[in-house]
Each structure stands twice: as structure tokens, then as C-alpha cells.
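Let's start with one chain on its own, the form predicted alone, as C-alpha cells.
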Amino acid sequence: MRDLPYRWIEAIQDRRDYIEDQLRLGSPVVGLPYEKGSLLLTVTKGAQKIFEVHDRIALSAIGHPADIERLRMLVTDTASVQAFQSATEDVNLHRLTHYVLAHTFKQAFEAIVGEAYIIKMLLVEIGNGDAKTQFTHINYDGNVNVHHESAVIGGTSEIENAMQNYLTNEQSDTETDLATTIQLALKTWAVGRVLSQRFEEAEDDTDVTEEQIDEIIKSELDEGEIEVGILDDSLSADTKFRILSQDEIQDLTNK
């Protein structure tokens, strides 16, 4: 009986290793603010990966498609019920992440006799509270990190650190327009994509050149397409979210 806690710890580590191995090749997601709101960007090969949660909240994720859809529906339905039972203003990202999603992630991860969620999720909210933008990163184990300047999710923590370092070096202190922000987000995505392929081949170098960034964007867009969801605070409707069309993205990335 004395060794039961150690068996649990070993089982948790095995579970962590398995999930991270499954997530390693996931297409990264980048969240950035721009002058009229915030955006989420990734590159997909067909299936939609960026969704509205509520009027001022959106999400994206990497992981198993069934897990993403199940948890997307959970948080979207919860937001709708809260808005109906109380008021739209009561729906906020902090409540949804800390009292709904994080608990669900953590409970599934630590219940080693059941199935864990193979997922990392990035949510963004605009215009609720003192900060103009809030990004929330939820790990598969229920760990939550909140950011205001930018946020990323990638297949491993090393990939995420490299993407964030690239953003730190390239991001301006002033608000930028949508075209400039999309171009930066796409390059940051490319840093993560280069490293996910490199790590799959057991290489641990995290340096990525501008030439490699351009090459991976070109090669990945031969089969996939850029997906961008924006929360635009200037929209007159209650809902501030919309998905950019491919024509809009093409125009903005060519500026």
C-alpha cells in the first residue's frame, strides 16, 4: 500500500508524456491584439479551428478533434446559459476558464482510470474589465495562464517558448493595424511549425531563420490555408466575432 502514491505519480507522468507526444505535431495558434480588437490565427487543412464562444469571446485549440468539439460545446453552452439566466454582461472569460474548463481538464487528467483530454486551448476576450484584451491558455492538465499582450499554443512547451521569444523580439509597443498583425502572427505560427517538424526528427535546435519561416509558410500553404478569427470592437452588433474570408486574408497578407 505504501507505494500507491508513487504509482499514481508514475501514471500521471506516463499520461503527460503520451498527451504531449500526441500534441507535438499540432498546428500552432497565435493570439495578438490589434488596433480595433484581437485576433486568433492558425493554418488548417480543412476543418475549422477558430470559433466564437460568446459576443466578445473566441477560442481555438490543438489536439484530438473530438475532444476539441466536446469542450467547445461545453464552454459555448455554458456561456449561453449564463447569459440567459442572468445577463450578457455576466459572461466573462475568467469565469468560463477557471470554473468550467480548467476544472474539467484537471479532473479528466488526474483521473488516471479514465480518458484524459488531448488538447490545449487558447481563448481571447475583448472589452471586459480594465484590460482591453485578455488571452487565456489552458493546458491539458488544467493549468491556466493569462496574458494581455499576446499568447500562443504549440505542441510542446519548448515550441511555445520559442514562439513567444520571437514575438517579444518582433512585437511593437504601439497598436498595429490588422494587416501588420496578421503578418506577424503568421510568422510566429511558422516558427512553431518549423520546430514541431524539427522536434519530430529528434532535433532540439530552437533557432529559426527568416528564410526557414518563409519556406515553411510557402510549403504549408500549398495544402492548407490561413484561418483568422477576429474580435472587432468597432462592430456595431453585440457580437464582435467574425471569421475573415480567404479573399480578405489574401489582401491583408499581401500588403
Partner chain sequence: MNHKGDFLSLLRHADILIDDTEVDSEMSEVNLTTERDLFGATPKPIRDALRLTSKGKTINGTTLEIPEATTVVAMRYQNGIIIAGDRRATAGTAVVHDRAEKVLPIDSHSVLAISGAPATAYEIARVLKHSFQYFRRSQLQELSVEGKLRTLSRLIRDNLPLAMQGIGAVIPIFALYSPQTDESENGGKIYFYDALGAHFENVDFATTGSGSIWIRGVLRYLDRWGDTRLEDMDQRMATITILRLLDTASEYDAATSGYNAKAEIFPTVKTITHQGIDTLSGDFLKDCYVEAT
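Positions refer to the first chain, counted from 1. Values in this document were obtained by computation on a predicted structure and should not be read as measured data.
Not pictured, yet referred to below: the form predicted in complex with the partner chain.
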**Item:** One stretch from 60 to 68, 43 to 51, 216 to 224, 27 to 35 that, in the model of the complex, holds residues within 4.5 Å of the partner chain by heavy atom
**Value:** 43 to 51
**Prompt:** Of Ala179, Val144, Ala83, Ile112, which one comes within 4.5 Å of the partner chain in the model of the complex, counting heavy atoms only?
**Reply:** Ala83
**Asked** Which residue among Thr76, Gln164, Gln171, Thr156 has a heavy atom within 4.5 angstroms of the partner chain in the model of the complex?
**Response** Thr76
**Item:** Proximity of Arg72 to the partner chain in the model of the complex, heavy atoms at 4.5 Å
**Value:** yes
**Request:** Considering only heavy atoms, tell me if Asp238 and the partner chain come within 4.5 Å of each other in the model of the complex.
**Result:** yes
